[in-house]
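Here you get one chain, nothing else, as structure tokens; it is the form predicted alone.
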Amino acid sequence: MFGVTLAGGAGRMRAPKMTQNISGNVVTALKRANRVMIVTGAGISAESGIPTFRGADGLWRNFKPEELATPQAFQRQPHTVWEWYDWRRGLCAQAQPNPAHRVVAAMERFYHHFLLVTQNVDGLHARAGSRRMVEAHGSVWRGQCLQCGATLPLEVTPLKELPPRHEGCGGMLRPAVVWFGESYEPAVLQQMFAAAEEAQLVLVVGTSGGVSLPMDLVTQARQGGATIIEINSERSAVSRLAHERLEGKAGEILPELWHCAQLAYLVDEVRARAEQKGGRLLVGIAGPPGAGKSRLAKALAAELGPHVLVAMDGFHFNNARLEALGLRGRKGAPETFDRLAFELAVRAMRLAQEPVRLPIYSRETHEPVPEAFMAGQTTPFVIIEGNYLLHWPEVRDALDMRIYLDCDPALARKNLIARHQRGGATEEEAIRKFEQNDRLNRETIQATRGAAELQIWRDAAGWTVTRSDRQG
């Protein structure tokens, strides 16, 4: 691993582009748990290009890390030790959080009782958005004064002076990390083991288990009844304690796993609401342009079975089409299309005596595409999506379930500009179209987001549900 550690002892869900089998037991554990601990090691950061602590790339100027990461080494040659740490800080500064780091941060937002314990000192988890975490072995981005004991941030790299000094008292700083032969802070130990004792689920990601901490935490959690899931590219000391193992890169496995678990959670929510509504459900998905409403709707529909999916942005009607559908034509604001498609969905589910074919129109060419969906009296779910579905009270009241999908603005911008370009716009035209519509759309849509019963956030980690339940 890259972080400095103490010496010590020892059913399948569907998701796009799956690289391996993910059992239903793993997905069920993730969607049902509410008290979760994640333990990460060097493997998760190695995928960001940071050399592992004990790997072949761990040597520096013919020094073994064990020769430098000790109080004795620092006492003998503080300048050399700081040279090594400053070199490592440079590697960390160049590295970027990978998809696994981002999924861990998303999990923190989903679970009410959550703790990340990382053995890494590189700061990548914090940069990915993790906040409820313990950096068990400290951080290369902090220093501790040997004279007054203060812990100070060291954000500049490379450092201007080696060894660095505390401007306040003039004392020499040491890296604020746990070295070989040193002990963890009692309060930190208490926090980690209390979380392990209460955990329902523990994910162990990219750690060899070659030091005592991860093994002790996993043992504590398992004795308390927690499910242990290991994600690693090879077997480790933790493997014998794991209930489930997923072998491979965390940056590939965790996004797939999170997609499966979140989709399964959403499907359960929809089915539970359908039971309350007599088995038939009209689901509406609203949110800002570029959030991926169609993608979410299609993913839900694929899991729910017989369905009709109305792709809002894909409906472009002319008067002839409207008359053929028995709908009145409206001209004007873009949200007209959402309302028309809503009327069509209601008509399909509530009024059809026989299954009816609903055409889907391409948002790029405004022409029908081969895909079509069937709806009739026996159709259990109709899923519709559109920017303005929650804008009108009469539409909100007619929906049986209201979902709001929000999105990281940078990701939405990228998606919308790409969409305009696929429709034939130049890059400059696409950017101009986005900038003209984005502010008004977002303000109008988010004004009604409170009307949704279920809110979802989409970013680089995928979809993450905002849970309102407060179960223990």
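Note that residue numbering begins at 1 and tracks the sequence as displayed. Predicted model, so just to flag it, every value in this text is computed and none were measured.
One more form of this protein, predicted together with a small molecule, exists but is not displayed; see below.
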property	result
Proximity of residue 206 to the small molecule in the predicted complex, heavy atoms at 4.5 Å	yes
The small molecule contact at residue 211 in the predicted complex, heavy atom, 4.5 Å	yes
Any non-hydrogen atom of residue 406 within 4.5 angstroms of the small molecule in the predicted complex	no
Close approach of residue 234 to the small molecule in the predicted complex, 4.5 Å, heavy atom	yes
Contact assignment for the small molecule in the predicted complex, among 383, 390, 250, 291, heavy atom within 4.5 Å	250
Contact stretch among 155 to 163, 187 to 195, 168 to 176, 225 to 233 - heavy atom within 4.5 Å of the small molecule in the predicted complex	225 to 233
